[in-house]
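There is one chain below, alone, in structure tokens, taken in the form predicted on its own.
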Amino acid sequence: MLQLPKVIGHRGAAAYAPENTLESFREARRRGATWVETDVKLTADGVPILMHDASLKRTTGVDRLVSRTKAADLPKEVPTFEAAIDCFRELGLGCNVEIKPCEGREEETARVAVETLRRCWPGTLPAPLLSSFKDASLRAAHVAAPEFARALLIDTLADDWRPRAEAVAAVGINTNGKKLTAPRAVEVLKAGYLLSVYTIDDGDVAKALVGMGVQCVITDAPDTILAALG
């Protein structure tokens, strides 16, 4: 059974260091996180890298689409997924791996991500959790590597959340903590799913959500939320 920590560092510790970088993961560890969350997408030549956006511009200043950039041409601060896994091994960090495909590459990105995990994930670390907003990515991950637990990412929990979760054999729901209502939280928990929320940086809000039954808070400021939750 998957065991998640109370707090996961969002893209590392994005309040303190550039998101989805090795520096950010190290900062998360220094600030007490035992798990981090990161985004995996594919370059033009099919290499899995850590990047949230379709474009490199916001985080690196390079105005180029990831899907049109080869791995060799990436800015040096953008790590490959393999380099990140090596960093997790070094730091002893678990990971919520968000499959964040470029448009039209939902299944391909999932397959490459799980193949990389099968090849590189250290046996000394807890098994990773896969998540995605894209149902097609989670379905492909389930088919390719059913041994990895999956969580469905949903911004706002609507009435169709459970059939969607069942269709991808998810064990968890990751949802927007600012939009989660107490009745929906109860519904998810009664159905037997793990319930995680993103991206909560206020300690009082985190405590209120945990009071509603939330089991894991994903945050840019892991030290703040760990202190608030005791």
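Since this is a predicted model, take the numbers as computed values, not measurements. Residue numbers run from 1 along the displayed sequence.
Another form, the form predicted together with a small molecule, is not on view; read the next lines as being about it.
- Which of these stretches, 24 to 32, 37 to 45, 161 to 169, 66 to 74, has heavy atoms within 4.5 Å of the small molecule in the model of the complex? Going by heavy atoms within 4.5 Å, the stretch is 37 to 45.
- Message: Considering non-hydrogen atoms and a 4.5 Å limit, does the small molecule approach I218 in the model of the complex?
- Response: Yes - in the model of the complex, heavy atoms of I218 and the small molecule come within 4.5 Å of each other.
- Y193 near the small molecule in the model of the complex, any heavy atom under 4.5 Å? Y193 lies outside the contact set for the small molecule.
- Message: in the model of the complex, is there a heavy atom of the small molecule that lies within 4.5 Å of any heavy atom of C87, even though the partner is absent here?
- Response: Flag for C87 set to no.
- 4.5 Å heavy atom contact, L153 to the small molecule in the model of the complex: Yes.
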